[in-house]
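Shown here is one chain on its own, the form predicted alone, set out as structure tokens.
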Amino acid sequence: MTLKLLSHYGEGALKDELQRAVDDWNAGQSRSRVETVPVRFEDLLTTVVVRQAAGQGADILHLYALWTGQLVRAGVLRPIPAHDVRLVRSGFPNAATQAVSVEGTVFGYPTEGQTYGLYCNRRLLAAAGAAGPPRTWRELEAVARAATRRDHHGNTVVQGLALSRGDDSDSVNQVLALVAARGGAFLTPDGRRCALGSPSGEAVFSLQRRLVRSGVTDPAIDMYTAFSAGRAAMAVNGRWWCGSLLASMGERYHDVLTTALPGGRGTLATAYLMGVNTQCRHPEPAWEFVRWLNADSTRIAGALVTRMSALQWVAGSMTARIADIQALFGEHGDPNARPFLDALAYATPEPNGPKAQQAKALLRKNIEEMWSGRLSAAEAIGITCRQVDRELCHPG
């Protein structure tokens, strides 16, 4: 039999390492084989929904945990077997376990576990007269303004703090990580209402509006390109970016310094999960593969870790498994990984309710309206709260 594995690991090191693991599995199997089906991240949720409706869902799914509630409600994901529940709850931090669970039921193994921190360019901060990365919100804004450079036409040459349009993960996660760092949240604890009308939400939206209006940040400029080219002094992003920056910046990666977000004790945690489809006709071998990849051990760099953790480490991303993090990122790991690893202990998991994606899309639209100047910070928050509350209350 052939089991299809749908994943957005369709390019670069993540594609290569996933395929390497699948090849290893297939080489040792006579009963079942796994075939990868890569899909662009932007198309992943739509692909899952469309294939499921057509009765052609892939056997094994690698998904953004944000969609867990939606796909459980739609009957796509199977609960994981009892033995695997114990492995997940004993091996992963609470934020990662919550991300792959709905109402206490676990639906997959966490694969990636991302937290968000502040990326700084040491050289640009030094040129701005900053002794180090900002530790407070006041320092963040002051350093961002001091680091901004313009040419004689007034065009921004160096952004003090880069923000980026793009998909929801780009634009929304930066905002929600900052809100969490100020002690706030996107939704209320029961997940039924928007909570951005808090002082934390108002402070973050107002800060971003001020920075955009004064030219300290320009969301029209791609954050990823600007930072790697040394044209942005600071940016907020997840641990996975370290690997990309190392590849794109080469020796200039020495300019990169990461730190916790101002305040130091709050950020956002996002995750991916690997689970088995309810339409899979051979769930037992499918779970065997998922367990082999995510729970059985292999040796890499002198450390005994799961194959998924090895895959993430080689690709420059971050596993969510506690013991593997300690083994791979101990004394000899990239120092820039440390703030993100420390944040696993205090990060707030991203809400994953049935309407989480819709709520996030509404937030993204209004953030970008604010960045463009069509909405004030207060208007963006007010409209987002009303739209999200209406969406979350809608029974469909």
Partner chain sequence: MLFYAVFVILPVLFTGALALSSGVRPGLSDMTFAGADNFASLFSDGSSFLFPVLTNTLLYAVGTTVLTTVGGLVAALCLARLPGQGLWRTLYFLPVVTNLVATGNAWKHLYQPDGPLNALLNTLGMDSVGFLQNPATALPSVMIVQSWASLGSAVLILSAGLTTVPRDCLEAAELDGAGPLTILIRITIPLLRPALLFVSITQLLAGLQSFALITVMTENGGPGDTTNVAALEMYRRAFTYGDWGTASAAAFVLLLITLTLALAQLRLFEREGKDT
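Please read these numbers as outputs of a predicted model, since none were measured by experiment. Numbering follows the first chain given and starts at 1.
There is also a form predicted in complex with its partner chain; it is not shown, and the following applies to it.
For its partner chain in the predicted bound form, the listed stretch (58 to 66, 361 to 369, 30 to 38, 338 to 346) containing residues with heavy atoms inside 4.5 Å is 361 to 369. Using a 4.5 angstroms threshold between heavy atoms, residue 168 counts as touching its partner chain in the predicted bound form. Shown alone here, residue 153 lies within 4.5 Å of its partner chain in the predicted bound form, counting heavy atoms only. Although the partner is absent here, residue 45 is a contact residue: one of its heavy atoms lies within 4.5 angstroms of its partner chain in the predicted bound form.
In the predicted bound form, no heavy atom of residue 104 sits within 4.5 Å of its partner chain. Residues 53, 70 and 387 are all found to lie within 4.5 Å of its partner chain in the predicted bound form, as judged by heavy atom distances.
Here is the short version: of 126, 322, 249, 74, the single residue with a heavy atom within 4.5 Å of its partner chain in the predicted bound form is 74. Contact annotation: of the candidates 142, 203, 220, 229, the single residue with a non-hydrogen atom within 4.5 angstroms of its partner chain in the predicted bound form is 220.
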